[in-house]
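Just one chain follows, in the form predicted on its own, and it is written as structure tokens.
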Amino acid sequence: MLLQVLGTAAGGGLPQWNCACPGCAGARAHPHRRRRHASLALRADEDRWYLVNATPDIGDQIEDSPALRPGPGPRDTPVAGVILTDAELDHTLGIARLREADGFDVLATRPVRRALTGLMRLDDILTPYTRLDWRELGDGPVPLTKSGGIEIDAVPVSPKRPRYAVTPDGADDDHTWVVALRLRESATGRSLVYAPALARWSDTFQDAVEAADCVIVDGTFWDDDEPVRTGISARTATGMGHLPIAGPGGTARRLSGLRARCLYTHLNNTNPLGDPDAPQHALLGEWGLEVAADRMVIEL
């Protein structure tokens, strides 16, 4: 199984266009700290790749990845489709950037598809340009291609809707609004779990990461108080739907006990891990954990 990390930042990227916080200022002063929106590219067949989430940076992410560039024909592209973990704007706005394609697959859970086609009206908007072939996630493993080399399983992790889809009463018990993706290669049995947003650590999620060879997980905030302390929100990390890395309820303790290679992604601009010289990196190293980097290649 071959994957390329296309981006590792939370919403807005690093730096965020309208933010002068220390993290964003540091990324402007030191370009090597810049991070694009969190996304992966997964090779399904020799010349077919799927993007895991379609971010606002999708054009630059494709151009920066030689395997994703078009050719040999003038309109040939190896990008076959998009797999979605949720309906957030930062993970879906890039779909419209693919309108020049003849058609492409979109794999999503039922509520995510409803949000994108009903509220965002993606079908109506894109039909004059291209064809969207929707495939549903959520009822067991789905083969990515007809050859069956890679299977995808959606692991529900949160009922959190994007803001544009919130109902007046705010109630929802459908945890397939946000899922982790379990990607498994049939020939080798090797698997990866990708969870850029993680609101709770369920028994089902524990089972998935225990069986995985690599885990890439939500690293939005270093600790639970970070959003409040930095002034970006009145809510804690968990209140915003993201388990923190450190602290009593953090994910580091759980990840450090796994056999898998474990990496963090989806870093917010307030997260000290955005600075490669921050002491928090040494703490992660002591736990046997890493921060994923843009353009990183992972082969399982």
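Residue numbers here begin at 1 and follow the sequence given. Everything numeric in this text was worked out from a predicted model, so none of it was measured.
The form predicted in complex with a small molecule exists for this protein as well; it is not shown, and the discussion that follows is about that form.
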| said: Taking any heavy atom pair closer than or equal to 4.5 Å as contact, tell me whether M240 reaches the small molecule in the predicted bound form. | reply: yes
| field | Partner contact for R163 in the predicted bound form: the small molecule, 4.5 angstroms, heavy atom | value | yes
| task | Decide whether D224 counts as a contact residue for the small molecule in the predicted bound form under a heavy atom distance cut-off of 4.5 Å. | result | no
| note | Here the chain appears without its partner; judged in the predicted bound form, the stretch of 105-113, 84-92, 135-143, 183-191 with heavy atoms within 4.5 Å of the small molecule is 84-92
